[in-house]
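A lone chain, given as structure tokens: the form predicted alone.
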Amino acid sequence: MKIRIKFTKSGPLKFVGHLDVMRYFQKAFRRAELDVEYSQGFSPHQLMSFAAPLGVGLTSDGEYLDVSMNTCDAPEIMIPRINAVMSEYIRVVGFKVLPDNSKNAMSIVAGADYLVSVKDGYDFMDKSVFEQKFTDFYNQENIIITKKTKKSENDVNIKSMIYHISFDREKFQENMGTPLTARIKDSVADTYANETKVYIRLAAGSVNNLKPELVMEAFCRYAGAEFEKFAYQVHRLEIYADLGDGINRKLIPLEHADSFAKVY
């Protein structure tokens, strides 16, 4: 059976990379004695995949992994059972059995919500100036950045990949139609005294993928401010699948989109 697990990542474990997080879950599942399904062959491994690997240094309220299990108990039993062998900085908050025809999480990611906060101690514009300039930045008709690869540099218009911005969490979630059951209340995000922050919804996935760091770099260039990558703490709030018709987006949190066979 297919299981979708939602978990948070915070504190010092934000410096642990994706491969180590994967190994961490493999060991945790063994410690919890879960009936996880293994691959066949000479080197069996647990059948699991992550929706969208989180970058080093980022924290999150909404990470997802899919794992195949032979048997399992109810979520109210499985979540405490897994958390009993986990660090306090990685906590399972959701456990859901998926229909057999569901696509894996990685293949259906279409968007993500982020909170970008300015850390205390950096010489940056104050909160009101930041909000006004970021609003003006977002309202541009085009937002051009230079994306660099090992072989080339290309100018890319990222305007269409920034779906929405806000400076208030409740308004942000209301305006984007986030279901009440998916709204973040007890976030593990770090907080800062200056309260200079922005909530942004960006394109994510294999087709279009925009990192919040690139948005902040483009903003600083627009605002005439020096971009200091360590001045910002990026926190992922949620990851979405698109259940729209290809023309109109309908982003649904991965934990609430049960089956994707009828869409793809």
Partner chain sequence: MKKLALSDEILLTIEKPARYVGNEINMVKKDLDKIEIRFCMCFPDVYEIGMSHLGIQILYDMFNRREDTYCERVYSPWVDLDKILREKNIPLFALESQDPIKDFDFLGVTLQYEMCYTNILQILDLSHIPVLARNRTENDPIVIGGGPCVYNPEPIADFFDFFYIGEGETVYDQVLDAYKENKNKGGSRRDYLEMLARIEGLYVPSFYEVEYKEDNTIKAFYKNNGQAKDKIRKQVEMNLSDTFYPKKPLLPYIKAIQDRVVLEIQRGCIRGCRFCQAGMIYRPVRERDLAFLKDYACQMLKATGHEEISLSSLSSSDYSALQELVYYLIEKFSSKGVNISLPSLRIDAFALDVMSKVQDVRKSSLTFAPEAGSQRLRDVINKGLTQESILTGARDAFNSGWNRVKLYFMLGLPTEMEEDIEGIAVLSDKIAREYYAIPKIKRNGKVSIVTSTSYFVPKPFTPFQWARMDTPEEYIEKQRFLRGKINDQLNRKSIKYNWHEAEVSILEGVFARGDRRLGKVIYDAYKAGCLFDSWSEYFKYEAWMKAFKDNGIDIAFYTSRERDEEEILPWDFIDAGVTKEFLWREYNKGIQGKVTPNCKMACADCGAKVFNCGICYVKKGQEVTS
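Residue numbers count along the first chain shown, from 1. Just so we're clear, the structure is a prediction, and the values are computed from it rather than from any experiment.
Not on display, but discussed next: the form predicted together with its partner chain.
Looking at N194, you'd find every heavy atom of it more than 4.5 angstroms from its partner chain in the model of the complex. Heavy atoms of V207 never reach within 4.5 Å of its partner chain in the model of the complex, leaving it off the interface. Using a 4.5 Å cutoff between non-hydrogen atoms, G57 counts as a contact of its partner chain in the model of the complex. Although the partner is absent here, S68 sits far enough away that none of its heavy atoms falls within 4.5 Å of its partner chain in the model of the complex. Only one of 197-205, 227-235, 60-68, 210-218 places residue heavy atoms within 4.5 angstroms of its partner chain in the model of the complex, namely 227-235. Note on the partner interface in the model of the complex: the residue among V156, V85, C72, V129 having a heavy atom within 4.5 angstroms of its partner chain is V85. Along 1-36, residues G11, P12, L13, K14, F15, V16, D20, R23, Y24, Q26, K27, R30, R31, E33 each place a heavy atom within 4.5 Å of its partner chain in the model of the complex.
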